[in-house]
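One chain comes next, on its own, written as structure tokens: the form predicted on its own.
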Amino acid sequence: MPPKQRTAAPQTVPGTPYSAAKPKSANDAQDILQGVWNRYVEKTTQRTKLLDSFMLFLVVVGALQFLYVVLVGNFPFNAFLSGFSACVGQFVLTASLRIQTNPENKADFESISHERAFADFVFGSLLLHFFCVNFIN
């Protein structure tokens, strides 16, 4: 049986996504991130940016609570569980509000007005925080 001959990798046209002619570098990744950021700043509404900043705040608060438990200890464990679950639950409710009020998703949520979505968000938040406060004792 004759030995198999190695063939060169198929060449693609430069500029296509699978081009072997252009090496990937840190500048390419930086250009991609810069493009994503520029598009976010230009195309995203102020209401959506406000919701995104609140979601970032919730992530930071949840991370700080978790870091505190890791470094100091979890003596009032109910307080940690309550606070951390409040952050996670509020993040989920805010993400739901963001999806429902985003103008790009208007076709998916035709029957839900922005006021109805916000009312659902407020009701869910009140219910979530009621359970979290009762869980602390």
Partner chain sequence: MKWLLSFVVLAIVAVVRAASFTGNRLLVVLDEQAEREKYSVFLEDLAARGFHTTVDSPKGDKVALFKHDERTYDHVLLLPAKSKGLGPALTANNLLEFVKKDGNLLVALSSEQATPTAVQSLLLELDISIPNNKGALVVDHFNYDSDSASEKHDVLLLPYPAALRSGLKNYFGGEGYIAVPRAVGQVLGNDSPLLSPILRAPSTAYSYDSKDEAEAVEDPFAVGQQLSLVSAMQAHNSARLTVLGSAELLQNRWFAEKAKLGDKAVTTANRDFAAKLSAWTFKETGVLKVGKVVHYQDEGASKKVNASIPESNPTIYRVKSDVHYQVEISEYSNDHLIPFVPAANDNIQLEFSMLSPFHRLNLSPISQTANSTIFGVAFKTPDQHGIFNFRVNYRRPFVTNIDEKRQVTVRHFAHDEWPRSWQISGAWVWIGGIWVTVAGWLAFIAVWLYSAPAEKSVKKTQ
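Remember, predicted model here, so these are calculated numbers, not experimental data. Residue numbers count along the first chain shown, from 1.
Note that the form predicted together with its partner chain isn't included here; everything after this is about it.
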Review point. At the 4.5 Å heavy atom threshold, is D31 in contact with its partner chain in the predicted complex?
Key: no
Check your understanding: in the predicted complex, does E42 have a heavy atom within 4.5 Å of its partner chain?
Key -> no
Review point. Does at least one non-hydrogen atom of N38 fall within 4.5 angstroms of its partner chain in the predicted complex?
Key: no
Check your understanding: According to a 4.5 angstroms non-hydrogen atom cut-off, is V69 in contact with its partner chain in the predicted complex?
Key -> yes
Revision key, fill the gap. Students should find that, of A79, V92, A63, I99, the residue having a non-hydrogen atom no more than 4.5 angstroms from its partner chain in the predicted complex is A79
Review point. Going by heavy atoms, what in 115 to 137 lies within 4.5 angstroms of its partner chain in the predicted complex?
Key: E115, F118, F121, V122, S125, L126, H129, C132, V133, I136, N137
